[in-house]
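Listed next as structure tokens is one chain, alone, in the form predicted on its own.
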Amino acid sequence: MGAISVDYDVIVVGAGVAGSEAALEASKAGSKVLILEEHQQVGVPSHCSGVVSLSGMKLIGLEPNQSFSQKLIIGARFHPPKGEPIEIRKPDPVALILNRMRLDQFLAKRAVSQGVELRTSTRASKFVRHENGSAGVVTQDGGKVTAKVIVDASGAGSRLPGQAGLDTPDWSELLPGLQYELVETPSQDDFVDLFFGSKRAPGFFAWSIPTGDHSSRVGLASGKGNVKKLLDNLVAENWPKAVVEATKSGSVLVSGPIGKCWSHNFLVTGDAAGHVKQTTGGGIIIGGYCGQLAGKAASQFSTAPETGVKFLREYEMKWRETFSSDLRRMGLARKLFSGLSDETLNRLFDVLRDHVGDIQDMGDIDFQGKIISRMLRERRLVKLLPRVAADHLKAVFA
């Protein structure tokens, strides 16, 4: 077999938040970097609800920018299946509503300005390793490109981790989702609204996110019903005079992270690695942070592939140090409460209603583990656990 030349130090697959952040960090460290993006335009299609915490943005070194920012949020309202909502508010803004397409494009342009090469309309269909120690990807048109290390940030459903000898997230835990961009809504305040119950979004929740004074992003995900019918009913009930300006479909991943996120010449990050919150499916901040770690590790590995495996191991260690505890608790909360009946959910909300102060003080959009642990120790909530178990048994036999 003839010698295979190495085209790049690092190839990043996917130009979402995780991919662009990985590429930027690798390029800043001196690596020659290529991003392969399967779509013709970065950020399109967008399936994201677009809510990020301001503390999370600070964690990944990102500030609100007029190119992608839409609205600041001071709190959330949680609507039980029956009864009045619980309102959680902060004195100052805690979250930002953003245009995800524009965020992706902003981050990709920033990476390109740092020297990263971007190829759109190029889908990586296969990961390969070569005898000379390099790796590469085969594109959908049969093209081949090589590098010292590949970073897979191509999102949910990626087959590359399996080809690299790793597990993949449980894709059966991808919940179908649908989202409308509504205009001509009643005046919108600075709160996100979340709706629960079997008639709204069985097994998950629905959301309404203000994007302007008279516009909102309304959607839901559910593995137990017709998402379009559910969403149409929600809109008719709450915003009967609003106009649907755009429709976006997608999936929400709630399976949690895979067991190992690296193998020789290969790292996986973002949704492809299950780097998402199991309670909400959100992954902008976790994916962005893990992407940054992956980019740094990939660049370090590329300088000495024979001995650089330690940097790949360190990537795994560092992201788990930051997120694994919270992800584990979010996974527990997801498993406990995803199959609850409306009656049990209403009782749960009654308990939470008495702890609004704790939730306001301890709650964090991205690091939910602390408040989850606090509430799971609450005596009245513990008394609900037999009902939780009964609901899960009914769901199994249903």
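None of these values were measured; they are calculated from a predicted model. Numbering starts at 1 and runs along the sequence shown.
There is also a form predicted together with a small molecule; it is not shown, and the following applies to it.
- For the candidate spot formed by H39, T122 and S251, every residue has a non-hydrogen atom within 4.5 angstroms of the small molecule in the model of the complex.
- Across the options 187-195, 274-282, 321-329, 233-241, residues that bring heavy atoms within 4.5 Å of the small molecule in the model of the complex belong to 274-282.
- Looking at L24, you'd find every heavy atom of it more than 4.5 angstroms from the small molecule in the model of the complex.
- At least one heavy atom of Q179 is located within 4.5 Å of the small molecule in the model of the complex.
- Within this chain, G50 lines the site of the small molecule in the model of the complex, having a heavy atom no more than 4.5 Å away.
- When contacts are judged by a 4.5 Å heavy atom cut-off, I11 does not count as touching the small molecule in the model of the complex.
- Checking P81, P305, G155, P85 for any heavy atom within 4.5 Å of the small molecule in the model of the complex turns up a single hit: G155.
- With the partner omitted from this view, the residue of F127, W207, Y289, W262 that lies near the small molecule in the model of the complex is W207 [heavy atom within 4.5 Å].
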